[in-house]
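Only one chain is included here, represented as structure tokens and corresponding to the form predicted alone.
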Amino acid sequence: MERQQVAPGRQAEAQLTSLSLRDFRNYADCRVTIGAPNVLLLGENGSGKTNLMEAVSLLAPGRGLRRARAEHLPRQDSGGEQWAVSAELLTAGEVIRVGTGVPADSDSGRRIMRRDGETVSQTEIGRLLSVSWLTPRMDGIFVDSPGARRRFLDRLVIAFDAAHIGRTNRYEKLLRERGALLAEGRADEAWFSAIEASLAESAIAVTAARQALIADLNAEAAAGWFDFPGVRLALDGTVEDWLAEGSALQAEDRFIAVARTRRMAGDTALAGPHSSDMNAVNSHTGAPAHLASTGQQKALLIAVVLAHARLQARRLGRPPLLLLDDVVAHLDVARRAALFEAVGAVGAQAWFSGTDHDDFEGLDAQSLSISADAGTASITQSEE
């Protein structure tokens, strides 16, 4: 594959220039200034590298790279529920202050998002910033549960359409409501009909958004890039089959009819976006990803994330921030070099983490040393 050249001294098209944390995970109060398109976090296991990346991930719409429960985010010794993450974002030549957390005057304990000091919706933040990540837990995504693959795909969709969060949440809420009514033995046909009609509308919208992104990703990723293989994704499920056979309105009608038929027969099961599965194959060999070696699976996953970042750079005018947590594991020297070059070609600000500086030979990055004393993390800029 042709290797693209990266201009030296590049500036990422959207990058954090500072990051502040207060009472978040094992960080009490710290601020770091960022002056490079690549950031390398170095430290021992358990020091707080992933916590720092999680803080960055929470600046974008969604639940962050760990999908953590709210009670797990405040620093344990802080004695409260409050925590905050804020950053200065340089994008399109403008510096914007973005932040998230639970403020001290919160009655609900719910996380909020802010832009330049004003509380805003996740959708508004999504217009400014998106974050993509790879973590060690994702290495086996092609052999993990279908639910893990659906969450991964939905996160990719959200980068282009933050309203997808609301659609999936609405669908899951309606599904739970229908299940609860069935468990209670309710026989209110009008109530069930209304719920199932709303479920059908949400199910088709969620599935169509997923399919649209997969089609775009396949066009972007099929040929491969740098030393990473070509990838072809597919979404399998009943609603997907209905959409392939007819219009969205016809698919909604079929959903409603099937839901009622099963309900009347005493069958509580229901096909929909909650039961779909995403699969991947190497587009050059046709080999399924779930049968590939650990190293090949990771290369395919990286290929998908890079293709998604390229799509954002072209369509949104900015790539996402890339959080690459311990990403060099299972990559040989050549693939590591290819990854560093590819990230530069995307134009994204990339955050890498690891324990050994030698693993990142050839990466031009600002190095930050992460250490923890008595459970509290601190950050110092390494002297290169």
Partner chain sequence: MDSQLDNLIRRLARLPGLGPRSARRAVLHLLQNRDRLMLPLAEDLGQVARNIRSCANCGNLDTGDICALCRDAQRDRQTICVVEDVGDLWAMERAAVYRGLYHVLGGTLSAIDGRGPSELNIDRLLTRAREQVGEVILALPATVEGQTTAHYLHEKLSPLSIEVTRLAHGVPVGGELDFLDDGTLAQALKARGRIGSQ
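None of these values were measured; they are calculated from a predicted model. Numbering follows the first chain given and starts at 1.
Omitted from view is the form predicted together with its partner chain, to which the following refers.
S.K.: Is it the case that S78, even though its partner is missing from this view, gets within 4.5 Å of its partner chain in the predicted complex, heavy atoms only?
M.R.: Flag for S78 set to no.
S.K.: Even though its partner chain is not shown here, does L174 get within 4.5 Å of it in the predicted complex, heavy atoms only?
M.R.: Yes, L174 sits close enough to its partner chain in the predicted complex that at least one of its heavy atoms falls within 4.5 Å.
S.K.: Should R127 be classed as touching its partner chain in the predicted complex when contacts are defined as heavy atoms within 4.5 Å?
M.R.: Yes, R127 sits close enough to its partner chain in the predicted complex that at least one of its heavy atoms falls within 4.5 Å.
S.K.: Hey, in the predicted complex, is R314 touching its partner chain, heavy atoms inside 4.5 Å?
M.R.: No, R314 stays farther than 4.5 Å from its partner chain in the predicted complex.
S.K.: Is it the case that R67, L73 and A92 all touch its partner chain in the predicted complex, with a non-hydrogen atom of each within 4.5 angstroms?
M.R.: No, the candidate spot makes no contact with its partner chain.
S.K.: Quick check on this chain: which one of I96, A208, A197, A148 has a heavy atom within 4.5 Å of its partner chain in the predicted complex?
M.R.: Filtering the options by heavy-atom distance leaves A197.
S.K.: Go through A265, A234, A257, A104 and name the one with a heavy atom inside 4.5 Å of its partner chain in the predicted complex.
M.R.: Contact with its partner chain in the predicted complex is made by A104 alone.
S.K.: Where, among 220 to 228, 268 to 276, 166 to 174, 296 to 304, do residues come within 4.5 Å of its partner chain in the predicted complex by heavy atom distance?
M.R.: Within 4.5 Å of the partner lies stretch 166 to 174.
S.K.: Within 4.5 Å of its partner chain in the predicted complex, which residues of 172 to 190 have a heavy atom? Give them in sequence order, or say none.
M.R.: K173, L174, R176, E177, A180, L181, E184, R186, D188, A190 sit within 4.5 Å of the partner.
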